[in-house]
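Shown below, as structure tokens, is a lone chain in the form predicted on its own; questions about how it binds or moves come after it.
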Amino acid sequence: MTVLSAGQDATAKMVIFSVYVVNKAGGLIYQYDNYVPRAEAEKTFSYPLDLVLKHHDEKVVVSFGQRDGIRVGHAVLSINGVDVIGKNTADGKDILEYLKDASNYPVSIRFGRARLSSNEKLMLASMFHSLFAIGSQLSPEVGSSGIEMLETDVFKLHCFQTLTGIKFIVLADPRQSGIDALLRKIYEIYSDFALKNPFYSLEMPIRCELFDQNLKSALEVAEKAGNFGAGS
């Protein structure tokens, strides 16, 4: 997995961010983060803190006030160089209570986008499964394939559903080409190294080293070449 640190140019190259595999019931059975941009900012504050923070999903996030690279929605990642644990400091104190105490200042706080937890990824996979079904039902024509692509200003979500209902999802840079071929390549890898594995149970989480290795190789090829040629 590649992690982009603060100061590096996130637009310097086309990248594939992550891969999800969702079973026909909407359960997440595989997820791999290939490239994680880390937009972080650290600043020393005097009392009182000129940002408004709040608890959100077991984290402490910025709800008001933007400055010096700190954005609304960013989470508190560390205090005085020590990583926080959810809503608490390393020694178990509530972060909001800690920051209300003038005696704790000056204080150095590092902010950034918190990574999705395993539970959040499971929930989002289930939500996309439902949206995919809604997309099929809303179609004015019978036999719609469902959602194949969603686009934002910073990434595109590409989805390929097999005849058996397994969904392969790739999040990539909007400029990245060859994703349709990559999705089918991932399906091929799934067929060869998961389905043919005698220890793998259908619809269950994929835990296979050969699957991991071949998936990573396919992502590297896709990022470098942009597509899969004959024999890939």
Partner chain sequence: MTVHNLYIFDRNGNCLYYNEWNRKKQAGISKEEEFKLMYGMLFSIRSFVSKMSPLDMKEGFLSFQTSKYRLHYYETPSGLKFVMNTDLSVTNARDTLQHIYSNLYVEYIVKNPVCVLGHSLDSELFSSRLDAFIRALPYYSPRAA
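Positions refer to the first chain, counted from 1. Superpose the two forms; the largest set of C-alphas matching within 1.5 Å is the rigid core. Just so you know, these numbers come straight off a predicted model, no measurement behind them.
Omitted from view is the form predicted together with the partner chain, to which the following refers.
Out of the listed residues A102, I85, V82, V154, V154 is the one that sits within 4.5 Å of the partner chain in the predicted complex by at least one heavy atom. The partner is absent here, but in the predicted complex a heavy atom of D57, alone among E188, E203, E42, D57, sits within 4.5 Å of the partner chain. Though the partner is left out of this view, L96 does not reach within 4.5 Å of the partner chain in the predicted complex, counting heavy atoms only. By the criterion of a heavy atom within 4.5 Å, I109 is excluded from the residues contacting the partner chain in the predicted complex. At the 4.5 Å threshold, heavy atoms of L171 reach the partner chain in the predicted complex. Remark: S118 does not count among the residues lining the partner chain in the predicted complex, judged by a heavy atom distance of 4.5 Å or less. Along 132 to 167, these residues reach a heavy atom to within 4.5 Å of the partner chain in the predicted complex: I134, G135, S136, Q137, L138, S139, P140, E141, V142, G143, S144, S145, G146, I147, E148, M149, L150, E151, T152, D153, V154, F155, L157. E141 is among the residues whose C-alpha shifts by 2 Å or more between the shown form and the other one once the rigid core is aligned.
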